[in-house]
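Take a look at this single chain, the form predicted alone, given in structure tokens.
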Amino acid sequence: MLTRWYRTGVFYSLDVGLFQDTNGDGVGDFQGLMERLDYLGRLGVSTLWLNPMYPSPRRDGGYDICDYYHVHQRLGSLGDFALMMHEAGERGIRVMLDLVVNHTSDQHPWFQSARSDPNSPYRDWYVWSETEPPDRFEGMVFPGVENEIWTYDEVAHAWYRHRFYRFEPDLNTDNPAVQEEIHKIAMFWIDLGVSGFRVDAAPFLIEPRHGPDKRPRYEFLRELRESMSWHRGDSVMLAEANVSDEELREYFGQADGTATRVLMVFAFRLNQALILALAREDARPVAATLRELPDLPRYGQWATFLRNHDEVDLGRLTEEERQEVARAFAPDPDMWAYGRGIRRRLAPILHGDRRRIELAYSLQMSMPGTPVIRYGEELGMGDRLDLPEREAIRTPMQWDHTPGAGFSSADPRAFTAPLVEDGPYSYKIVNVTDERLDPNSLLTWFERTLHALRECEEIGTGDHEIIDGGPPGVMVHQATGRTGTTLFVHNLANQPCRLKLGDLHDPVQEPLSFVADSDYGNGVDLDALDVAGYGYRWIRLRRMVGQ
């Protein structure tokens, strides 16, 4: 069987402007990213997912775009981007971009033309209403920040729709000209060498803009995927779609090469189950979710994650479950965003408990799918709750303990975002250089574990089976693929336990432990398998050679 690249390896999400500055202006740039590619290679990263790097007023982290065919001048030139792509390819690292085409910035020339002249060729590129729409106060993506999805424009003398912020007017994706432009945008970047896109706000992108038929236009995803395939056969679309299981099946389509829509979807429901399980110290929400998730088509793949650039969205948990998570991980109302999620990084969510941080990421990495890691999580970076909304977790990368954190030589007051300067997550304490010198640091642990993951193909491509029989706090499952079978044991509770798993013993090969929270000795006794409180073990049950 041909192994698809997106099913093995590790995705790493970063904002170029927050990663490494080389020209001293306080903003990260492509030259800085190039200089850190060896760090990413050593970490075990196979694919970079770059947050929006397009020209933008950056009122929404760059997701408010005013030109899809260039890069933001503070990050460098298009030539710098091309050179970075070349250097990444030399190291075997692929690059994916954010495709943000549900809306534009209100500063985009298309919108400026559309609002200024009813006869503009771009007027119908946006969604307008001459009268106050009846759904004006329904469906806000950021409740509490925005109180409506339609805003009256004094220049256009009409209402325009915006499911997100009012400075991000929705594109009219019912319009064939807009659909064609989206294809052109994707092809432009594919031809520059990117391996695919994370499709931002996919459910909103494919919802009809007009008429009584409100069924999502999934075929638009298939058509876009087909266009991409003609330009680059191994390109991938990763959909941001926090939707029901039935809808998830529609996003994948057949995913067998004949009726593909997208090949990857973020496992939002699994993410919420992981957070709930960690809060309860009970593995059953994860086991139940894995059993209930829809079977994927042949080439479909989950993208698993614990943290990303947004809040921890708990919107699909019950109110009682959200309150459980709040009591455990976010008791202060200021730690929440939009009434549905936690605006913190994982280390502070888990109160800086190193055992639980390792446990959480070990569990994520062993789940069916491809793990996505947010920059700085490998260090245990913290956040700044004095910043608004999701900006709390969008602070510069912490490279060392010197002034500026090794991110930039500029005056920190000129940084694109402030550093985490105080407390246990300060850059003076949590940084790459200090952790690199410590053989027991979280960074060293991530390097070891991600490389072990890269050698365990069955996680991303195999069949996963939940093993029953342990206490409620323990998750036991195994993954079986062409390269063999690996057993994963995670104890979410603080009490140690002993498991009896002798039925899993292979009569030909002895089990081999290769990732663990502590030293359990050289041998592996499946009939009396010890696991510490907040402990974890990866055990190779069977390895197929000659594959």
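The structure presented is a predicted model; accordingly, all values stated were derived computationally and were not measured. Counting begins at 1, following the sequence as shown.
There is another form of the same protein, the form predicted together with alpha-D-glucopyranose; it is not shown, and what comes next is about it.
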Partner absent here, but in the predicted bound form, which of 192-200, 67-75, 115-123, 453-461 has residues with a heavy atom within 4.5 Å of alpha-D-glucopyranose? 192-200
Position in contact with alpha-D-glucopyranose when the complex is considered in the predicted bound form, options 161, 269, 394, 343, heavy atoms within 4.5 Å: 394
Listed residue that, although alpha-D-glucopyranose is not shown, lies within 4.5 Å of it in the predicted bound form (heavy atoms), from 283, 312, 360, 100: 100
Mark residue 63 yes when one of its heavy atoms lies within 4.5 Å of a heavy atom of alpha-D-glucopyranose in the predicted bound form, and no otherwise. yes
Can you tell me if residue 390 lies within 4.5 angstroms of alpha-D-glucopyranose in the predicted bound form, counting non-hydrogen atoms only? yes
Taking heavy atoms and a 4.5 Å cut-off, does residue 383 contact alpha-D-glucopyranose in the predicted bound form? no
Could you tell me if residue 378 has a non-hydrogen atom within 4.5 Å of alpha-D-glucopyranose in the predicted bound form? no
Even though alpha-D-glucopyranose is not shown here, does it sit in the predicted bound form so that 29, 400 and 415 each have a heavy atom within 4.5 Å? no
So which residues in 218-245, when you check alpha-D-glucopyranose in the predicted bound form, have a heavy atom no farther than 4.5 Å from it? 240
